[in-house]
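Quick setup: one chain, the form predicted alone, written in structure tokens, and binding and motion questions come after.
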């Protein structure tokens, strides 16, 4: 708890400085603004982490080449043996026979005798009992002891999510091209105003939500040492959520929508199906945890159940008829939009990471106390920050100030969660060169810190004055929903699916997915951040609006390039998913061992 007290103390000390930074708004020396400087530093962190991962991967590749050269040398030695005469070969064989018959006496490394290792059998000496020798499990074809029905649920949820990811980002890529070629089509149902909400809702409720719930079913069952309460409810929820995305997308393309509320464009009869699916999912999870075979409730279940409760409440409040007009609609929109991101996607995904990260590394989470601190401060601060999207609006000034203060308060759960994840990874950095599960987790963790902190500094009045309503917001949303949520979900999928199906994709394809997604995201967000900044300054200077459109063209080109790389990475992911599930219905033999996961 000492770490928790230090984090809270630092935050309370920083509040006066954060608030004083809001007092004066000026465009002079805008680069000296604390929010601008903080954003530059956060972006630099992402670049440094990318360089480190690339260096480790290149170093691993060089080591592989060296090993291949050693193998060639051994083959050359074998050829040399063939050329030897009989006497030399007999002498070598006698030495080999003596080595094979050698046995340890049992006192070489214990007892009162001096430790000796004449045969060179010891490769590593570990003096720290808290550091596991094997902190990441090797590749294995052994299947986890998982009911076949649960495997099927996990696979079908992730499969549907992958489908909506590819289709949703294909639409997003088409929209990105429209910025460069607006005359691409002249059909009403393909217009930007209709397709944009199709893209956002499809990746929100289709890709992210289904992937989260599918992964969550495994976590709930595993950490409760229990079977899922009702498998039929799981399938009903799957059908309802998919029907929501399908019917909602068709309605939006037909011009049938809920108005201008972002992320709640689906009309209420369609969104009602999603709400019912969430209620079934929550009750299924709750009953599974309530009837658990162990006494403790693992921290992952806190996050997952809380996110479902919040989102059910959110879906109801967002569609109440008396919150659909006037300033009340604006306040509820900020609440709905940020609760959707923070209390549904972020909270649920963090719950997944608290299970899949330590299980992938075969070690416990670093600090349960930090997890509890992150949970309760997330519940406290995230609920009040939605209004920072409407700074300088007709909403009460005190309400805007509260949103800014609580945005700064998000430093506590973000630092607590980031510290917990990084300290859990401590001692496992060498495994970045062995697989891409840890790099996916690492990038997701870094973006969790960078994206969340950048959102906090963007809430300041000066940075909001420059960036709001510009393309910078699009960059920020992709930094969080893609850099955090998508990368964490991919890490969890690559960590668990090979263990469920016994099929692991080729690392070259997983690597292609990782680097295409990461480089594409970086190009996407950097171009829109730079362009959005210049656009905001152009507005402040009073330039004609069309000038801000013209200056964005080169940045929209790089947006399209980054989006293209991201979309290609999704195709690679879809292939990897297909490879992992191909033949998954094959039941494990009775002689197969069961692999245990340390939670």
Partner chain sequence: MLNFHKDHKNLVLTAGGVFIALSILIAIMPAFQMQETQPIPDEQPLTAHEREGLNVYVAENCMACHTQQVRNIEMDNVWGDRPSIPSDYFYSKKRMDFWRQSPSTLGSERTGPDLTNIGKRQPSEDWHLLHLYNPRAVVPESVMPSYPWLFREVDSAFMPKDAKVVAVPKEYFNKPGKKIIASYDALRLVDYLKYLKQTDMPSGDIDDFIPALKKIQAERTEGGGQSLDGAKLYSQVCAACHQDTGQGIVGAFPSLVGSAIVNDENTETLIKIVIQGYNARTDYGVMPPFGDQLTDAEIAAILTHERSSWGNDSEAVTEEDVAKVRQYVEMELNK
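Just so it is clear, the model here is predicted, and its values are computed rather than measured. Numbering follows the first chain given and starts at 1.
There is another form of this protein, the form predicted in complex with its partner chain, and it is not shown here; the text below is about that form.
Taking the partner from the other structure, its partner chain in the model of the complex has a heavy atom within 4.5 Å of a heavy atom of residue 550. By the criterion of a heavy atom within 4.5 Å, residue 571 is excluded from the residues contacting its partner chain in the model of the complex.
In the model of the complex, its partner chain sits within 4.5 Å of a heavy atom belonging to residue 539. Shown alone here, residue 72 lies farther than 4.5 Å from its partner chain in the model of the complex, counting heavy atoms only. Highlighted residues 267, 310 and 395: every one comes within 4.5 Å of its partner chain in the model of the complex, counting any heavy atom.
Residues placing heavy atoms within 4.5 Å of its partner chain in the model of the complex fall in a single listed stretch, namely 293-301, out of 512-520, 293-301, 495-503, 271-279. For the candidate set 250, 239, 92, 317, a heavy atom within 4.5 Å of its partner chain in the model of the complex is found for exactly one residue, namely 317. The partner is absent here, but in the model of the complex a heavy atom of 376, alone among 174, 376, 235, 429, sits within 4.5 Å of its partner chain. Contacts between stretch 460-484 and its partner chain, counted in the model of the complex as any heavy atom lying within 4.5 Å, involve 464, 465, 468, 469, 470, 471, 473, 474, listed in sequence order.
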